[in-house]
Ligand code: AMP
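Encoded as structure tokens, the following chain is the form predicted alone, with no partner shown.
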Amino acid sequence: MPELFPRLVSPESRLALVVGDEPWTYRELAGAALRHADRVEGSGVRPGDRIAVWAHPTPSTAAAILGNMTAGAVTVLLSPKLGTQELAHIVHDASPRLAFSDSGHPTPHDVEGIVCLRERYDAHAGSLGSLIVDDNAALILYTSGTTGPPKGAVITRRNIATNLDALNKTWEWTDRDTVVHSLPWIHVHGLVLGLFGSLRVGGALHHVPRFTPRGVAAALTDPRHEQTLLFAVPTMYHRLAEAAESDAALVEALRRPRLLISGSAGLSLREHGRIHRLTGRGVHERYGLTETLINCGVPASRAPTPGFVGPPLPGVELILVDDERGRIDAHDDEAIGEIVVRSPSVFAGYLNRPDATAEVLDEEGWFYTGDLATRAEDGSIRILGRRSTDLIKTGGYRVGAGEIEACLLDHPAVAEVAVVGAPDDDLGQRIVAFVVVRSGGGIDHTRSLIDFVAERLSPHKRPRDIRLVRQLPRNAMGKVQKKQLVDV
């Protein structure tokens, strides 16, 4: 399709978006986006300029993002849970001309050159006009690295369109489908797949602002929806299974969707088994990264195989390489290699970081993911984890250990620290910090260190467990041996 969202070009009264109890039609969404675009252009924003958007999951936020695209501006997503240190870094790095929030989110007083547009854009009839699929940037999504502050991944309109079209084929996704999810709009899963994917096919999104099993069940059984897809992360499936074991109505609701889809982290074999025992159906997994969007997915035509994220999507080239970046051709589910991908969905690079881009994206367009996997005879991929232990997947979030370590080292009582991910039945991994206290720098309670991180970074990045140790295990070169800590 030449247009990114064809149904918004000639909008109608068909349902496009439900957030909580608030429904918006395509006509209303297009009209609100146009009003936002007019305001943006009137503020002197030009194509290619950046606009920060606080990612509150509301119809007005969706309209603002679409309006930015209409004006040719690039949206920089800001999590409502950002700490002051993170926000200052992103604003400095992205240099947005304006900031939008429909929830009165305050603009920090110590940040210059950022204006908060707090008005609510009332919907009115209108046509959004044509949003052509091209190589212009649409989004900048900040992703936590394993060393240093977050980097801004530049995602183009073509990245989005080609990836969603591949998922449409894989999941047989059509305008009859309503996606139900309770995911934040700051990530690929909630925003690009959930919102943009629904608009791309001309279907609808039903967003549950605060995740509860009962809220998800109500959305799945909403009589306005002809058929549904459920998008969730492993933590949510764990909690849904827990609740469903004593709630027959929730079991029936989980049997309704055409597909149950999980991503952002691997769904454990135990949770696969629980969902199947409760509902008689499997969960379709997929695999992707912010920088590449989605690379693999279990097709709708196949029964899920627990532990596997499916074959590469149409248009995605995927290879495994060894430590010297030599190709591994085995299809035996035993040979382990790093996943490397090439596709039209691979990002344009990191904002202001050509050095970081060159580390992961070679001159031939191959992106080195850092993820280890095996490949089965049918081409399905089984993810084994990171080359490094420094990327932690907790509650559906990807968290860089280095950022938390740097924050804790700002505490006057902390001499050394190493952060790792430990297995957790609910979160997938919980963040554990091993801390060496400075001489004479007593800590009344480890809770003070947890609160210290939660105040400065997003709450989901706080350690769940602080362990005070006399020293950290190191090798002869002085490098901390995190593998020993993970095994503690």
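Being a predicted model, the structure only gives us computed values, none of them experimental. Sequential numbering from 1, following the sequence displayed.
This protein has a second form, the form predicted together with the named molecule, left out of what is shown; the following refers to that one.
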>> If the cut-off is 4.5 angstroms on heavy atoms, which of these, Arg255, His276, Lys169, Arg398, is the one near the named molecule in the predicted bound form?
In response: Arg398
> Ok, Val360, Ala265, Val283, Ala99: which has a heavy atom sitting within 4.5 Å of the named molecule in the predicted bound form?
Replying inline: Ala265
>> Looking at heavy atoms inside 4.5 Å, which stretch does the named molecule contact in the predicted bound form, given the options 286 to 294, 88 to 96, 247 to 255, 400 to 408?
In response: 286 to 294
> Are Val309, Ile383 and Lys393 jointly within 4.5 Å of the named molecule in the predicted bound form, each by at least one heavy atom?
Replying inline: yes
>> Can you work out whether Asp165 and the named molecule are in contact in the predicted bound form, taking contact to mean some heavy atom pair no more than 4.5 Å apart?
In response: no
>> Taking any heavy atom pair closer than or equal to 4.5 Å as contact, tell me whether Thr143 reaches the named molecule in the predicted bound form.
In response: yes
>> I'd like to check something about Glu271: if you look in the predicted bound form, is any of its heavy atoms closer than or equal to 4.5 Å to a heavy atom of the named molecule?
In response: no
>> Whether Glu338 contacts the named molecule in the predicted bound form should be assessed with a 4.5 Å heavy atom distance threshold; does it?
In response: no
> Out of 15 to 29, which residues reach within 4.5 Å of the named molecule in the predicted bound form, heavy atoms considered?
Replying inline: none
